[in-house]
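This document starts with one chain, in the form predicted on its own, laid out as structure tokens.
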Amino acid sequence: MSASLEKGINVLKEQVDSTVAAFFSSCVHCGMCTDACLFYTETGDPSKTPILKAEPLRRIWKSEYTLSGRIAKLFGLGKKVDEKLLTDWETLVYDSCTLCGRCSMVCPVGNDITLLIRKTREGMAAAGHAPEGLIAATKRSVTIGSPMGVKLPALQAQIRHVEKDTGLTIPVDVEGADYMLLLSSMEIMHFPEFIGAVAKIFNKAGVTWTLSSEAFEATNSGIQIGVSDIAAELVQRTVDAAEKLKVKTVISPECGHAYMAIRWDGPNLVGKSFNFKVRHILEVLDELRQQGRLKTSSMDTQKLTYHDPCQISRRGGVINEPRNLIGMFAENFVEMSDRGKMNWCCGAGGGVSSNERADEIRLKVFQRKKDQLDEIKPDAIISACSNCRLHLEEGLEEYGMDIPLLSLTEILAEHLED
């Protein structure tokens, strides 16, 4: 047994706790999770069954922690976890799963299948069985602070452009502000308009905010690849910056996994409660709406729909807030057939977009989103995740669909009362 395989197996063993044991013990093999996964519905491949993706972890649980499994192992009859299994399962675990959580929603016995797959990734990554693109992105996150290699000078350059375009000051390293805004590298490099939109909204609402020069990156590649130690290190950077600046609330930007990492996983990863609140940008904007600090002066007559990002809506519970905000400016809003907590994933989350090997299947499964859009034929799509936004643009281009993609924060800023 190689050292890397041994390390991977040991990490898989560490993942087995009472929750994991209860989930595997209670699985009734009904297959309902299959029809909830777009990687199965759009390929028809039974190997894409969600619960099957956790097979390496299941084998460890059975052989090490069940009586029948330990007896079978004693006589050499149990199914082993070896290099071939991890090699075969790497594409299932990383290329064919976005950790969207839809499978967990339909499990009749309440198993969190997404959690099992995430824990499986822990062992896979430890054994060296992870996509090269995701490994590289994770290394950049640790060494540079950004999965895309975005450094502070790049952010500062974008800030200068935004300040010139808007005439507003983008605050950096301001102590005692109400909010500290995080940004994903995609927003900095691909959608810097988001920064300007936030500046305009917060200026109108009269709130204080800041960016941190020491921890501006929201994306947590440690969560995506499945290495908790790295995930904790990245969260701790944000915690240290927020405490240094003495802010009241840290805002996760329009990025799904960033929100999940800092809001829900963050305290568990660093082993303590935060002394500040964590909110998604849509939660903050909806609070300002409720307080009467945001007012719009014009209405959009286009037929608009909203794509629910999985980690924000299904896994994070931010479902009503975007619709409240859209109602401030949309005259003709139409929902997709599956929406809210049961919306279909765009197909690019969970590190899939960082994995070039998965490009073909990522675009293939976009057929599910195409079908949703064909039913309602919107003039434009609104979303609140830069990763979704980028992939939606690619998918629409792949299928020859000319539908504009809009950021909810950005379009809200455009409709603000002068």
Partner chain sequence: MNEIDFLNWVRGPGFQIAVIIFVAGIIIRLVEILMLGRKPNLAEAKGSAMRSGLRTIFSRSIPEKSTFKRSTFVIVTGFIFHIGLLITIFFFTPHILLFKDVSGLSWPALPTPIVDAVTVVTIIALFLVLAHRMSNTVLRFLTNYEDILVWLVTILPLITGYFAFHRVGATAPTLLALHILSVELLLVLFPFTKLMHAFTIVLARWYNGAISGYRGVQS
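This structure is a prediction, so every number in the text was calculated from the model and none was measured. Positions refer to the first chain, counted from 1.
What comes next is about the form predicted together with its partner chain, which does not appear here.
*Asks:* Among the candidate stretches 264-272, 205-213, 250-258, 170-178, which one is within 4.5 Å of its partner chain in the model of the complex when only heavy atoms are counted?
*Replies:* Comparing against its partner chain in the model of the complex, the contact stretch is 264-272.
*Asks:* Could you work out which of E321, E217, D95, D300 is the residue within 4.5 angstroms of its partner chain in the model of the complex, going by heavy atoms?
*Replies:* The option sitting close enough to the partner is E321.
*Asks:* Is every one of L325, I382 and P404 in contact with its partner chain in the model of the complex, taking contact as a heavy atom within 4.5 Å?
*Replies:* Judged in the model of the complex, none of L325, I382 and P404 sits within 4.5 Å of its partner chain.
*Asks:* Does any heavy atom of S146 come within 4.5 Å of a heavy atom of its partner chain in the model of the complex?
*Replies:* S146: no contact with its partner chain in the model of the complex.
*Asks:* Using heavy atoms and a 4.5 Å limit, would one call S104 a contact residue for its partner chain in the model of the complex?
*Replies:* Taking the distances in the model of the complex, the answer for S104 is yes, it comes within 4.5 Å of its partner chain.
*Asks:* Even though its partner chain is not shown here, does D112 get within 4.5 Å of it in the model of the complex, heavy atoms only?
*Replies:* Judged by the heavy-atom cut-off of 4.5 Å, D112 is in contact with its partner chain in the model of the complex.
*Asks:* Can you tell me if W61 lies within 4.5 angstroms of its partner chain in the model of the complex, counting non-hydrogen atoms only?
*Replies:* W61 belongs to the contact set for its partner chain.
*Asks:* Is any part of 305-319 within 4.5 angstroms of its partner chain in the model of the complex by a non-hydrogen atom, and which residues would that be?
*Replies:* Residues within 4.5 Å: S313, R314, R315, G316, G317, V318, I319.
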